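The chain below stands alone and is given in structure tokens; this is the form predicted on its own.
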């Protein structure tokens, strides 16, 4: 199978013009096969990008990249339900479902399952396959041994497994907006304060140690996942689809590095040196892959 590199959905609240220009650069410069668009975290953010959405889709399609439309990861209000209905009602699009509520609207048509849906065992794979899933992005917390076992079943079910290899890790979602609360605001009158933190708001422990990152209702890792050293292991398992989660800095650079790594034009040592040169201000981690605490780094 041809190795594929994918840009996942943007999880942050960027200025609309910055959001547009980011995807224009992805279209023009990033050596990726697929791009996932759509608001995943907060339904209030989605209208901010409506003015540029069609333009971005056209630019990406003209560059030859396949587009996948991702849904919200948490449905808790009427606003969320209306956005979800709009996201899945469009014709001739391929949907990535991040909440089971989306499946009620897809009606067994071919679709993808995002990393926010729990797929931890063979029974879950079988369930989603019977309901029309053709691609599943696994949660970054799943270790190598489990990925290997799941991929055996996925092949028998004719499902592709996709692995997130770069970017901050989404850990949990809440009905409450942490960003708003941190600024003494409510979720309904948040003033879109999350736009002040293009890679999330870092949290520290009482001792001053960096701990987690907050992105609206989402809790994320402080560290940046990086599986450059594990690409060969994943390929040996039989994985051929790899996802990069966007960050405000270094996403296109990372796509070029991983493309060269996947094509055997550079080795993992060279890839690590290159990735260190242009990244967000956070250390790398790969602990989950090795069955360790997720924020750890194993050489």
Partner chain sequence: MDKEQKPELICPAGTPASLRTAVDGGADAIYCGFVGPTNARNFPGLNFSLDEMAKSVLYAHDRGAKLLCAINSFPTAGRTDIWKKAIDDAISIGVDAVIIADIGMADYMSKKHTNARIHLSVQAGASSAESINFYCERFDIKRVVLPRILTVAEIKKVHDAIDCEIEAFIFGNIGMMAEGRCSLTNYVTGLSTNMDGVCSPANFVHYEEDENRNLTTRLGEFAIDCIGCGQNAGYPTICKGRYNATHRKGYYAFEEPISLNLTHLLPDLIDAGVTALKIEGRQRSKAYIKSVVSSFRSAIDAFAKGETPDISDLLALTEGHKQTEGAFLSKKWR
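Here the structure is a predicted model, which is why all the values come from computation and not from measurement. Numbering follows the first chain given and starts at 1.
This protein has a second form, the form predicted in complex with its partner chain, left out of what is shown; the following refers to that one.
Asks: Taking 4.5 Å between heavy atoms as the contact cutoff, choose which of 83, 159, 173, 164 touches its partner chain in the predicted complex.
Replies: Flagged contact: 173.
Asks: Just one of 229, 135, 221, 87 has a heavy atom within 4.5 angstroms of its partner chain in the predicted complex, so which one?
Replies: Contact check passes for 221.
Asks: Applying a 4.5 Å heavy atom distance criterion, does residue 109 contact its partner chain in the predicted complex?
Replies: Heavy-atom contact with its partner chain at 4.5 Å: absent for residue 109.
Asks: Contact with its partner chain in the predicted complex for residue 143, defined as at least one heavy atom pair within 4.5 Å: yes or no?
Replies: Heavy-atom contact with its partner chain at 4.5 Å: present for residue 143.
Asks: Given that its partner chain is not shown alongside this chain, does residue 214 nevertheless sit within 4.5 Å of it in the predicted complex, heavy atom to heavy atom?
Replies: Because a heavy atom of residue 214 falls inside 4.5 Å of its partner chain in the predicted complex, the answer is yes.
Asks: Using a 4.5 angstroms cut-off on non-hydrogen atoms, would residue 182 count as touching its partner chain in the predicted complex?
Replies: Because a heavy atom of residue 182 falls inside 4.5 Å of its partner chain in the predicted complex, the answer is yes.
Asks: Can you name the residues of 90-129 that have a heavy atom within 4.5 Å of its partner chain in the predicted complex?
Replies: In sequence order, 98, 99, 100, 101, 103, 104, 116, 118, 120, 121, 122, 123, 124, 127, 128 come within 4.5 Å of the partner.
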